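A single chain comes next, written as structure tokens; it is the form predicted alone.
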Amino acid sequence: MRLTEHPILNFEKIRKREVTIYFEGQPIKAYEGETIAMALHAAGIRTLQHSINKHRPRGLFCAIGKCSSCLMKVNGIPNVRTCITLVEDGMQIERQEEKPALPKTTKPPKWKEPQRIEADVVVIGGGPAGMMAAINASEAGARVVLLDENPMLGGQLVKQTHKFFGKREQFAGVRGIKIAEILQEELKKRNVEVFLETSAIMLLQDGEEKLVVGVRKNKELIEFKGKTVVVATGAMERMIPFEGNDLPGVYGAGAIQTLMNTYGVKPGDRVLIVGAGNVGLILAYQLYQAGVKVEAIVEAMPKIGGYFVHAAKVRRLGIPILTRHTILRAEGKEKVERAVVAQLDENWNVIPGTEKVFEVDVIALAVGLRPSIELLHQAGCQIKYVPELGGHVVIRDSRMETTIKGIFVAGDSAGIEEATTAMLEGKIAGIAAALSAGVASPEWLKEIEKAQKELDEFRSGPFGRKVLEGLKKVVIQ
């Protein structure tokens, strides 16, 4: 079901030309600019594939191309990430029921030399950190190229309808969706070359330069060479173990935000949210904006993890927040039909007899993120497990340079925080990358110091303590 009314977003204005795609022979209405998975969801199709061994139904989970839940056969080609692949008129889409194979009639593409793009700074990732890195590196005098595997820039910003906190310079009082627009305009002003639908699959040292190998639209190989690289690849949703967690209708919180706030598709009618951090609390309010009923939020911890202002807003809506509760199982035949939760004791054991059943068709997991460090790992950057920062992260200095000279990191790929800190880290990394490339003047060191001071101020509150403890383990002098 598509959303037609929203207090903030106007989807009728956003939607482009109507096209027709075919799901297993049946015509499906879609719109140019939306992804295959979104169009199928709008048509009520939740099961995108079946598991190979037990043929269990599988549905959308992350919606950012970082898991395998949305892989389908498109125009005969298997294993297409339908959550980040745009629809095209006449497209043929099928579920993958068995171990997929390339069609015998398909000929491999003819070999040709890849396109080669050279820059002072190559930025991987077009979210808040990546865009700010590109903007500031360009402002400092660098030739910058930016690539992102998604069909649009903005990362998490394009999903956020709430207004940000902080200072005016940090976009306080501005909605995330508007911040994304502002940053895109800044990129255009500086003539930063942007490659969308381009996945970075390799990061290597090539003599004195860095080589990033990208694949555009699953077809075209491109080599990006830079004196320095900023990796701002974000993070991916965490999964938690419970019975039925693979049923269609169990989503990461970000996938639901993508459905609702980016493409105007209603995720379901009744939702249970697992996790009462900021993401879970904000998601509850966003679901309310989209006309979706939130039955409850369950949180295993004894207290709410998010900001009081978000929790108060949710409670005013009459949505119960059950602390010391966890999800036991999701029930349903082909998709989620209900969820069973129970109370936990002080030793994290389920208290018998406290089970509660919620009749829901969506279970939203807002249980945290883990940094996407695959390219950094591949390049040989030193890695360390730091739970305070969300998992495995790279060792780096105060200017966001990793243990490999010329490779910088920023945003959630450096440690899980907020969009505000991601943008500040992006600014630091972008300027530092331009300095390392030898194209920025020393005066830009003052801008790095200014951003570092703003970061310290933003992290000085009670919610920043855990992050600061984690940074002590990875930031080297």
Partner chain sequence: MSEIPRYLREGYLSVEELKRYIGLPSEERLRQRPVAVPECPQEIPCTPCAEICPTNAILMEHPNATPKVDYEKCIGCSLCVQICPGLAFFMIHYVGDKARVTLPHEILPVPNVGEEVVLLNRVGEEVGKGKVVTVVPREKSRGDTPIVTVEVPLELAWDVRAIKVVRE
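Note that the structure is predicted; figures quoted are calculated from it, not measured. Positions refer to the first chain, counted from 1.
The same protein also exists as the form predicted together with the partner chain; that form is not shown, yet it is the one meant from here on.
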Next on the checklist: Taking the partner chain as it sits in the predicted bound form, is G306 near enough to touch it, meaning that at least one heavy atom pair lies within 4.5 angstroms?
Outcome noted: yes
Checklist entry - Closest heavy atom of A119 to the partner chain in the predicted bound form, within 4.5 Å or not? => result no
Next on the checklist: Is K266 near the partner chain? Define near as a heavy atom within 4.5 Å, in the predicted bound form.
Outcome noted: no
Checklist entry - Does the 4.5 Å heavy atom contact test between F195 and the partner chain in the predicted bound form come out positive? => result no
Checklist outcome for this item: Only hit among K99, K107, R168, K219 for heavy atom within 4.5 Å of the partner chain in the predicted bound form is R168
Item to check | Answer option from K163, H377, K189, K405, heavy atom within 4.5 Å of the partner chain in the predicted bound form | outcome: K163
Item to check | 4.5 Å heavy atom contact with the partner chain in the predicted bound form for all of I28, F61 and G90 | outcome: no
Item to check | Listed range touching the partner chain, judged in the predicted bound form by heavy atoms within 4.5 Å, from 127 to 135, 240 to 248, 170 to 178, 356 to 364 | outcome: 170 to 178
Item to check | Contact set, 192 to 207 vs the partner chain in the predicted bound form - heavy atom within 4.5 angstroms | outcome: none
